[in-house]
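Given as structure tokens, the chain that follows is alone and in the form predicted on its own.
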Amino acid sequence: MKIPLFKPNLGKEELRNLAQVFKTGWVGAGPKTQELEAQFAKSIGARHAIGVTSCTAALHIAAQALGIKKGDEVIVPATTVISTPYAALYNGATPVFADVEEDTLCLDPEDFERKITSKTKAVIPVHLGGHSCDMDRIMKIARKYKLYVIEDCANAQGTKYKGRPVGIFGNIGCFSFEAKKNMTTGDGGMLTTNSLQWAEKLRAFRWYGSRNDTWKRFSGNNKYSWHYDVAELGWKYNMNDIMAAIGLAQFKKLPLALSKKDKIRARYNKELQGISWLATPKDRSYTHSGYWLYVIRIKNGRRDKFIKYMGEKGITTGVHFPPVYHHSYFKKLGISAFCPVAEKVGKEIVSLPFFSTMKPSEFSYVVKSIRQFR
């Protein structure tokens, strides 16, 4: 039996939406993109949503829209993917790594505050694996020091903090629809904000720096208007209607997918209780659903042996994530850090197979294999 770590749930609904796009012949950014943006914004209570090619692109232009530049510092958690500190680097700023909470793997508010200097311009809390950060504490610190907050929600479609969707607490939220996420558009991402000023900047930055993209020019005139102006440096980061067509079908499936994953998570927690060398994830009371990862911790220095064993059983596992500052690129830049909790958990964490279409037989095989590990 071969069991993947992730598996997207794609079917006839996505094909039907794609057929509509192919029939119109409009495959670039257009009406489907706008439809997904409107639905997504409404679902989390944001005034604006802007579709882009990836969450990495979203983080890049979110920092750009907030005016982050050379000489600034941006605080990011040590446990995250490389895209998070890249948001600072792409804009000429320096990422500063703060430690994470041992139970949630999310940004530790206390260490975040300790890392603030006169150069600090923003913080990027990451809702790791779909567990929400402690946004009340983070926002309180950010207001105290007048810092911008960019929420990295790449792992957290459907996650709620104290009953409210993540992505609306900070100045800008950034979501991922990459192939493995709770909902996918193949690749793709979304920005959310309540600020019209930042929304307009983000729309321009995703399309070369112009506020008059192809669909706007086409749909706003009886005759196609060729003219547009580029007012500032931008990028080619726009979502297209092929992505959005898949996303609209996925968006309808998301509530049921999350419900199924919540049940699988609860079953994992129950079935893996009582194993002395293994710790299951701990969820704080303020977070709800939206989980992308199921992360256990293997004690006594046996993590790598466990991963090898699971692979021999045909079970795919992963590590999300070792301390991001371990990447050699940061050494080349002369950026160093040491975060004790991130270092410790980075040697223990393992992500287990976790997807909404996981069959009972697959689940049972994973649990049985874990229990047989010696």
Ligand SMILES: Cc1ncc(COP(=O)(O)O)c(C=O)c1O
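Throughout, we count residues from 1 along the sequence that is shown. Please read these numbers as outputs of a predicted model, since none were measured by experiment.
Keep in mind that the form predicted together with this ligand is missing from the display, and what follows is about it.
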Margin query: Is Val81 part of the interface with this ligand in the predicted bound form - any heavy atom within 4.5 Å?
Written below: yes
Checklist line | Any non-hydrogen atom of Ala154 within 4.5 angstroms of this ligand in the predicted bound form | finding: yes
Note to self: With the partner left out here, check for me: in the predicted bound form, does some heavy atom of Val126 sit within 4.5 Å of this ligand?
What the structure shows: yes
Next item on the list: Answer yes if any heavy atom of Gly188 is within 4.5 Å of a heavy atom of this ligand in the predicted bound form; otherwise answer no.
Entry: yes
Notebook entry, point to check: Can you pick the stretch from 83 to 91, 260 to 268, 237 to 245, 134 to 142 whose heavy atoms fall within 4.5 Å of this ligand in the predicted bound form?
Noted result: 83 to 91
Next item on the list: Quick one: from Ile50, Leu59, Ala342, Leu36, grab the residue that has a heavy atom within 4.5 Å of this ligand in the predicted bound form.
Entry: Leu59
Next item on the list: Name the residue from Asp283, Glu178, Asp72, Glu113 that puts a heavy atom within 4.5 Å of this ligand in the predicted bound form.
Entry: Glu178
Item checked: Residues of 26 to 57 having any heavy atom within 4.5 Å of this ligand in the predicted bound form, listed in sequence order -> Ser54, Cys55, Thr56
